[in-house]
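Next come structure tokens for two forms of one protein chain, structure 1 first, structure 2 second.
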Structure 1
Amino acid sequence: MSDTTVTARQLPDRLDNPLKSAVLSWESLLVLVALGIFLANSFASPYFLNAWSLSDLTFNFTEKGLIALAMALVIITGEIDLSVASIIALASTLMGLALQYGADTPTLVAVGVGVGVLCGAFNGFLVTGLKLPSIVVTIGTMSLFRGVAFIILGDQSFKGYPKEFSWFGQGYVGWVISFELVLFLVAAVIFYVLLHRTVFGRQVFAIGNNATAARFSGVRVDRIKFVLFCLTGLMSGIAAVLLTARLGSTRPSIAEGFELDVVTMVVLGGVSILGGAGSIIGVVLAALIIGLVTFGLGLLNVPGIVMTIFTGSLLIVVIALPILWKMWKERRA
């Protein structure tokens, strides 16, 4: 099994000089983009640089970013999970149902996280146990999970969550620093260590580069993929707790469109859609960029459909960019 030593997209090629390689890396480009968007937002709206506005900005990406951290590992192995938004809907609905039966805050959190893990395990079983394509499986479960939520709720909504539960989505750890932001940063550190500093992370890259070779090298490919789908379900369950607590209500349409933003964060962060390459730092920066863009457009009262168009266009561009770059290099050669 070959050890994958380069886990981030480089611009233009891998260079022998570590300093030049760092300066010209994809993550460095994302830092410049984030700074440019930050400056543009500060000039576009006088309210942007307010401390509380910047705090509200974090709510635009923390919940999606938590899922993107786990999704990055799934995509690196060559798989994908498009059911994450529907997992949030089902987990939120079952939390609301538990609330109707008098569940307290710890029980509500356990229900949300537990439903997420079970949904992730179901996806993982279908992909690794029955050998079904992950994109087909998760498109199916995307409809299945949200369909169950609509059956339970219909056009109704669950409200009346306890104040202690609401703190998870609305609480602050210190002054204007939200609990969601702290949780996202802690999770980012954990996922960074897991992917870039452990044997498990090297196995994830090995699977993405060549699953057959990894299997013959003793890597338990199916077990690792199953664990990653469970991990994505876990982060979706956590996001469901945070989002439900922040909104204070549950509707079956909750989190619609989240899967597009999550995949965009992952791919924009430098994770190859074909698997085998990527970095957690890039995903964190991409999540910040998406948050900056959507928050800035919101301050300018730009309609939500425009934000959706932008996100979809951005996803197409970041997928096409490395392909066009490769074609250009081949023509030069």
Structure 2
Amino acid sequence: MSDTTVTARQLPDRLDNPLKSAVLSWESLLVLVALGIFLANSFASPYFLNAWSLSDLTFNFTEKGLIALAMALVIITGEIDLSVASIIALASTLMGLALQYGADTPTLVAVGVGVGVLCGAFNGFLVTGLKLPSIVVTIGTMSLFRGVAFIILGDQSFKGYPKEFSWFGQGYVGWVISFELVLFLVAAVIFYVLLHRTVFGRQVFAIGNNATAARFSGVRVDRIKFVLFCLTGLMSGIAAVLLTARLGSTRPSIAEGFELDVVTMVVLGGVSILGGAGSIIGVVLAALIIGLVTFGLGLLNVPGIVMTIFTGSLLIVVIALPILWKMWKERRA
């Protein structure tokens, strides 16, 4: 027999069975959770399994989900953006202001999206230009952006958005398929390709795993982070258009608390809050799960604040379970 001294580094004969690793992946766990909640909902309420109910359900996550797609990339690079809900508030307020000056629908959309990008660029500049920690910067801009909305609006509200504008939040592309859902799915595909199939996406992962190493391999770390903050701003601006169109009015308190829901979606989707790992499919599934949970509980007349117990517990349990499982396996070994 050959020499049996085992070298420290052994190459496996074959890679892990791709089927097996797909079955054991985070995404399949999320699919199971989603199916479980879907079934539970169907049994719990007779109103759930209905095309229009299911269509309404999607409104629960499309706006937040759009932001979560971009936020996933930001978190993968090891940064975070807590100002997204405030960007919505500011963008929505400025759209309302533009409306007072007689802006038409295309202008309104341009204002909303433009404000979003500018706010994102401001965050990006503070983080990459001035080298400040993103968590503090965006806690600051979170107050600042919404604060400006409060200065403009006070306790008033803007109403009277044109009918064509409302279509963005209330319109249907066909049958029960809403424009918001289509937009979310298209964006999900774009972000999937961007993160998993392009050089840019690989660079995002590289930054998250080791920003210094990435820099030495020629990745323009700051520029990419800046672009990602702009992207998150852009998605928040788009969400502002959708939400404003859906609600038909703007108050400075619009979208309050969205930022934490968005981060919950991203983390639940398997993106490591420490950066360097995550997938768009996971984020989309997590968005769906949160939508299912909140909508199902809503059908059972559970008040919104009690729902947050479920989403909060879901976040902790889904993250803790694999860790506990691993610890248990290690103890047995």
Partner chain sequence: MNRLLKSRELWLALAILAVIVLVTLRFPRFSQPANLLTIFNDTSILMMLALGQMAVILTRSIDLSMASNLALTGMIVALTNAAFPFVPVPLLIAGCVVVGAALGAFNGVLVWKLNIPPIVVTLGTLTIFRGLAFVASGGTWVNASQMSADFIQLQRGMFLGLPILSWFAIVVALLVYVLMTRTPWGRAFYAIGVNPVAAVYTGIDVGRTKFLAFVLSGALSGLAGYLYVSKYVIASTESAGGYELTVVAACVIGGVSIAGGIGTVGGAILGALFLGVVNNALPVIGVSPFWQMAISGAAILLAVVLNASSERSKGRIILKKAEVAA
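When a residue number appears, read it as a position in the sequence of structure 1, where counting begins at 1. What you are looking at is a predicted structure, and each value in this text was computed from that prediction instead of being measured. Note that the rigid core is defined as the largest set of C-alphas that superpose within 1.5 Å between two forms.
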Notebook entry, point to check: So which is it, 1 or 2, that shows the form predicted on its own?
Noted result: 1
Item checked: Smaller rigid segment rotation relative to the larger between structures 1 and 2 [°] -> 9
Next item on the list: Mind pulling the C-alpha shift for Pro322 between structures 1 and 2, with the rigid core superposed, in Å?
Entry: 5.8
Notebook entry, point to check: Gly312: how big is its Cα shift between structures 1 and 2, in Å, with the core superposed?
Noted result: 3.2
